[in-house]
Every structure is written in structure tokens, then in C-alpha cells.
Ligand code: C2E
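The chain below stands alone and is given as C-alpha cells, in the form predicted alone.
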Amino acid sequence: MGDQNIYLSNIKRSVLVVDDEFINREILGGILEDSYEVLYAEDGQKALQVIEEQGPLLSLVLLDLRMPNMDGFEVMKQMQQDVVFKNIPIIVLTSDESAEIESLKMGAADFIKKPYDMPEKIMARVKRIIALYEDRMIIQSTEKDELTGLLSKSYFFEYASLQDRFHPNRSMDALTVNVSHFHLYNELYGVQEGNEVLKIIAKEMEKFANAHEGIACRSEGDNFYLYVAHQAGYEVFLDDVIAAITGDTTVHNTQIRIGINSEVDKSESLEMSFERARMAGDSIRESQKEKIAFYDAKMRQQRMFEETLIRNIVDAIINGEILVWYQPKYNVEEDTPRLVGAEALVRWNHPKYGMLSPGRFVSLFEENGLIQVMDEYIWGQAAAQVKTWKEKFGVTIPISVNVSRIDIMDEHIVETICNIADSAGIDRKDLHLEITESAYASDTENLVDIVAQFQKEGFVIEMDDFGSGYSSLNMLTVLPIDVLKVDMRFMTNLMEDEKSLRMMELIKEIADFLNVPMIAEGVEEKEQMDILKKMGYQMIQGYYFSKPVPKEEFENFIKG
């Protein structure tokens, strides 16, 4: 840490020499003045005046013990009582060796013995103590979280590792503590009140940690870590945190969730131990009842499964394990349904886990950004398939591909998809872009701009999962949409539920008002199709016609 001082090497530090004998002050000043800004005081009272004036600008006090008016012991005592001055290092000037122990107890950092007949030794000691003091201040400034006073994340892991080293047989629990939907607290009550909630949580965590041989830190935002000796339960701790928040703030109905990795495996890294605790906490993120969750074998298996998929995705694309299947879309306005398109749907033929549906991996890849890698591959495959079928059968089958919210955030997304369509040699209107309704509700202005660019480039835009509850009717008047796809969940109760039936009628009326065609997906029964056809729905997609199938099987629909 001493090397930190090279960044301050051009600064001349201030040093206070306190001695009632003029000759002693002059000797020390002569030794130090070339390297330091030297201030002087002839007794304890004058010393405190200088310290008050200079405050944290002082790098060191050289303090004689035996002085009139106020001795050095009283100066040290008063400095220790001040939060700023107690951090200024003190070198005691004395010829009385018996005073060393008492001086150390009062906070002295070192001693210089009288008479001052070894200048090089004095300079070395002054330089060392100032360096140690500055290093300590740098450590203290980064060791604690400024808002809560808890350890910072990096120092937390350092101290936790030391605990495990000194107590290898002590069973420990790793906990993550979060406030559910904390951003709403800041919006409802203000940032200051939100910060008060965080400070109260920190206070309760520190209290609990001190009582159970542990330490606590604020990891980031509203995320806290707690590393404590193994406990049978944490319900009382949770109740204490909530009670403290309710009692000391205007915030009510606080939702705290705790993820616990009980009796951590010390052969693993601490970071992994807390990652497992985080997974447990995330598993109850949306629960209104569950507040405490434990990491278990099932979560471990899921984590291993996810890590395997993340590691395998690039090789899977190269090795042809990522498959693009197609589900047909039929126009049902006439007596005989007519094939009018397909939707590209991904499958993963994994060598270890077998055939995986998109529900097993799409959301995972959306979380870590890998969805773009997979989507670009699917877009390319779908565009090439349009071209292949046109050459093979002489007909154009437009194919719809999914464009996720993550994809939309890519500033080059329009250029990327344009290049894919153009490289495949197809009309852009034959590559339909499906964007979920929920994506339109997130950063609406930016999304509308991007989608408008797609329309200008000639692509057809389909709003997927329409009716799932995200869009306002007002939003529909400004959204660039060419086709509405109705959320398949309405199909489940279409035959029995009058509300679902009426909702499908209302959505059709909205589509007619917007002058855009409708696709009803998730249709599985003839009765459902007949009802929708009677309502005026133009296109149907679902198991009634076919489940998603490989491209070879899909060609049977083209042949008729």
C-alpha cells in the first residue's frame, strides 16, 4: 500500500512540531523543513489552536509530553475525542521511556527520543508514519459504503475469507437481503426516504452480524450480503428489519426477501456461495407470500443446466444443434383454408439434455445477452428458407421471426436484419418481424422509432401476444403495426368463458378500427376455429393445423 504515496509525491505535507523548548523546535524544524511545511507550537493549548485551524490538512503532529499550560497527554486525549483529529498520527517526543506504554494506549504511532542527534532516523520515522497514515485513510475511504457504513463488497469478501481461514470448522450461512421493487419506494416516497430504508436495513444487519459471529455489506443498490454463523432460522431477523423500517420511516408494506445458502461449501469461492444465495432470493422475487428461500439441490441442478447451455450455445450453432422449425399460418376467410405463411420457432437438440423447447433457454439468453447470437442465426436460417422454398416450389411463403426487446436495444439492429434479408436474396416484406406487446411498453419512444425504420425498409411488423395486458388503447394509435397476433391464452377458455369470447370480439373490433389483419394463435380445436372465423378473424395458427415441425415436414403443407 505504501506505493499509493507516489501519486502525492509532489505535495508538501504539513507537520506540526509541539515542544516548549525553542532550541528543540529549531532542531526539528531544521531537519524537516526541506521536505515538509513545518508549523510550531510551544505548549498544548497553542497546539490545539493550530490543529483546529489546520484540521485534516495536517499530516503529522510531533508532540512533546512535558509542557506547561497543557501537557502532551491532554492534547492526545482531546484529539482522540474529535472524529477528524483522532485520525492525525502522533509521534511522541520524549526522553522518558516509561511514558511509551501510556502514549501508545492514547493513540501515539511512534516515538522519537531526545536529544535529536540522528536526523536521518527522524526523517525515516516521519516519512514512514505519514505513509502509513495516508494508506490507512485510503483504505478507510474504500472499505465502507458511504451511505450505510457497512463494508464495501470487495472488503467484505476479504474479511469473510479471513474469517474462514481462522475458523475453518465454523459452519457459515451466506445470505442476500433485498427490497422487492425498491425503485418504487424512491418514486413514491422520495430518494431521501428510500435511503433511510437502506440505512435501517444496514443497521439491523450489522446488529445481527455482530451477535452471530458475522459480517455484513451493501453489495449494490438495495442488495445486501450477510455472512454469519449457521442459524436454524431467520424469521426473527426478518421481522426485526421490517419492524425497524415501519417504526422509523413513513414507508409501509415493506417487502423484504432473503435468499440463503445454508452451511456453505467452503471448498467453493465465497462469490459462488453468495451467487447461490442470490438464486434462492430471485426464486421468490414475484411471490407475495414467500419471504425467505433456501438454495437447494434443485436450484443447483438448474444452475448447472443453465451454465452448460451458456457455455454450449456458440458450439451448438456451429454444430447444427440449433434447429429452426416452422408452424403454418392459414387464411380461413374462404371455405378451404389457404397456407399464407409460417412462424420460425427454435428448438435445441442438445447432446446431453435432448430436444429442448425455447421455454428452457430463451429467457436465460435474454438475461445475459446471448439471445442476439441465437436470434441472428434464426433470422438468417428463416430468410434462407424463404428463398429455398420459392426456388423449389415457385411460391413465396413469408416467415415470421421473433425480435426480442434485447435485440431492439442494439443500435445496429435495422442494418443487421436488412443485411440478412438482402444477403438471402428475398424481398424484405417476406420476412415478418414479431415484436411482443410487452416490448412496446418498455422505452416506447425508442421502440416506435426503430419499428418505424423497419417499416420504411419494407418489413412487415407483427405485434405478438396482443391482449396480454401491457398496451393502452392510446398507445395503439401511435404504434407502427401491420398485423396483430392475439395472445394464445385467450384460446384456453374460449369455449367456456364468456369473458374470453367477448375479449376476442373486442380485439377484432380494435383491429378493424386500426385497419390491420388479425392472427389468432394457439387454436387447437375446430370449434375454436369456427368461432373465430365467424367473428371475422382472417388468419389462424395453432395445433389445429399443425404443431411446429422441421422444414422437411413443413414442405407437405406447401405441396398441399
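A residue's number is simply how far along the shown sequence it sits, counting from 1. It should be emphasised that the depicted structure is a prediction, and the values quoted were computed from it without experimental measurement.
Below: the form predicted in complex with the named molecule, not depicted.
The candidate spot formed by 465, 522 and 542 is fully in contact with the named molecule in the model of the complex: every one of the three has a heavy atom within 4.5 Å. The closest heavy atom approach of residue 327 to the named molecule in the model of the complex falls within 4.5 Å.
Taking non-hydrogen atoms only, residue 386 never approaches the named molecule to within 4.5 angstroms in the model of the complex. Although the partner is absent here, residue 291 is not a contact residue: none of its heavy atoms lies within 4.5 angstroms of the named molecule in the model of the complex.
Using a 4.5 angstroms limit between non-hydrogen atoms, residue 278 is distant from the named molecule in the model of the complex. Segments offered: 122 to 130, 87 to 95, 397 to 405, 221 to 229. Contacting the named molecule in the model of the complex at heavy atom distances within 4.5 Å is 397 to 405. Of the residues given (374, 241, 260, 75), 374 alone sits with a heavy atom within 4.5 Å of the named molecule in the model of the complex. Out of the listed residues 202, 461, 112, 345, 345 is the one that sits within 4.5 Å of the named molecule in the model of the complex by at least one heavy atom.
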